[in-house]
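For reference, the chain that follows is the form predicted on its own, supplied as structure tokens.
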């Protein structure tokens, strides 16, 4: 495993900037998720780490050593793509052994390593099978086995579960996290799925429009997004226009203490589940104008007497369209941004 450090990494294609001066430090044995929408530069960054692309500017370091100009074959950073890329004419054992044979390792060493990694990925009985005989989850595990048998310094996962159904995707997430910990791999996961990033990674790096907006734990990202862009990307939040005056943010829900300078252009952010809904009370009044059942909770659209419309997620009491309600929120749950 290796510590991966990116310093001022910039990537430009045909005069278009894809990545803009990225700084990121990934610890030895850490699993970090690169989270962002399609086109944000996630896969490009993965290829830069692997050595499949060279940055227009900046450096890539492994364990403090500059590998920016080191070719991919010498970096020991291996990518597992979402389409598995297994050789259809080879058996599972032959697929896994391919890279070891390319290294000219002995047949005895190859057989030993392949048998071991098949045990690790819990598919020892599948060695003689061909890819078309495997399920989606089995193919993904074999693709991981083929990468891990080479003992990479860095394992790079490019949206590896996007082609799997929901239940299989969840079980594969758990499997990969267990595998990464067992093999003590430094791992970078690319995904556009917030739940996937939050469930798997020790830290999540949010990449938007080629810039790293925030790198933090899932809990901190969700509770305290660094800016409005990150909050909007993570979703399920209300934005409340307002102003800051004398250390308090004033909006349709009242006044909230903040440690920010006065501003006539401030925005509050409140998660759906942090908007408290009651049938009566002294809080801000409104009425239910829409509802949607979402399984674990029901979301409600609430029009306040002021005309503002907010969304709440509630799993306790049920309300109907037209019900009069009051709403409130705790001071600690209100995030405020200037601009």
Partner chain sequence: MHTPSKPYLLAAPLAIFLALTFGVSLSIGVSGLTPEHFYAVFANRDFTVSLVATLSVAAIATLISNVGGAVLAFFMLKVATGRAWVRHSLQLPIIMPHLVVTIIVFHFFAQTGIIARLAWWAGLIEHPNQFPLLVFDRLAIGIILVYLYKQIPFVAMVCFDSLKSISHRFGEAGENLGATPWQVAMWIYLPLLRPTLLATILITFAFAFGAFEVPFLLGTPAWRTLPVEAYVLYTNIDPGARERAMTINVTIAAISLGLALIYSKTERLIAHYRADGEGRI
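Predicted, not measured: the structure shown is a model, and the values here were computed from it. Residue numbers count along the first chain shown, from 1.
Another form, the form predicted in complex with its partner chain, is not on view; read the next lines as being about it.
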{"item": "Heavy atom within 4.5 Å of its partner chain in the model of the complex - the one residue of 92, 77, 204, 187 that qualifies", "value": "77"}
{"item": "Sole residue of 150, 199, 164, 252 within 4.5 Å of its partner chain in the model of the complex, by heavy atom", "value": "150"}
{"item": "Heavy atom contact within 4.5 Å of its partner chain in the model of the complex, the stretch among 100-108, 120-128, 217-225, 232-240", "value": "100-108"}
{"item": "Full three-residue contact with its partner chain in the model of the complex, heavy atom 4.5 Å, for 87, 132 and 139", "value": "yes"}
{"item": "Heavy atom of residue 50 within 4.5 Å of its partner chain in the model of the complex", "value": "yes"}
{"item": "Touches its partner chain in the model of the complex: residue 81 (any heavy atom, 4.5 Å)", "value": "yes"}
{"item": "Interface membership of residue 146, its partner chain in the model of the complex, 4.5 Å heavy atom rule", "value": "yes"}
{"item": "Contact label in the model of the complex: residue 73 to its partner chain, heavy atom within 4.5 Å", "value": "yes"}
